[in-house]
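Next up: a single chain in structure tokens, the form predicted on its own.
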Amino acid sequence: MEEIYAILKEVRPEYDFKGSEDYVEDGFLDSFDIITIVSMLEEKYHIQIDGLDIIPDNFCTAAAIIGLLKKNGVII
């Protein structure tokens, strides 16, 4: 989980992601941020995230991001 928070902080250091229940709804992440995060996750974990999975619901919390990674075979 801490690895995910580190990536989020790298993209948007001004926000406290641990204090948010929905990053998109709270305005912490926009579509450009999500694409940046996808790129970082793909590079870090050597995976390819399907375009159909690049939806706000998969990036609204750290747990949702971890779920997406697990779907792509990453063990965290």
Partner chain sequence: MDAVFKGKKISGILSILPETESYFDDEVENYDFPPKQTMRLKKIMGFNKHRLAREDSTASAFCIAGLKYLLENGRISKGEIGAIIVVTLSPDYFLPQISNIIHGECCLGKEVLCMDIPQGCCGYLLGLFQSFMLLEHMKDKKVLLFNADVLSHKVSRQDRNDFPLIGDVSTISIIENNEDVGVIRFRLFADGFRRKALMIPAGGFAIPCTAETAKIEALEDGNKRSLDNLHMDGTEVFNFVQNEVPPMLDAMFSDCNLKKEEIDYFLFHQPNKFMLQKLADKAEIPSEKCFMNIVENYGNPSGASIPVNIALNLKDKFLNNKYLCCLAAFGSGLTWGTVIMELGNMEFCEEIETNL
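Numbering follows the first chain given and starts at 1. None of these values were measured; they are calculated from a predicted model.
Beyond what is shown, the protein has a form predicted in complex with its partner chain; the following relates to that form.
Contact check for Val38: a non-hydrogen atom falls within 4.5 Å of its partner chain in the predicted bound form. Looking at Asp22, you'd find every heavy atom of it more than 4.5 angstroms from its partner chain in the predicted bound form. Although the partner is absent here, Ile66 is not a contact residue: none of its heavy atoms lies within 4.5 angstroms of its partner chain in the predicted bound form. The partner is not shown here, but in the predicted bound form the stretch 9 to 24 reaches within 4.5 angstroms of its partner chain through a heavy atom at Glu10, Val11, Arg12.
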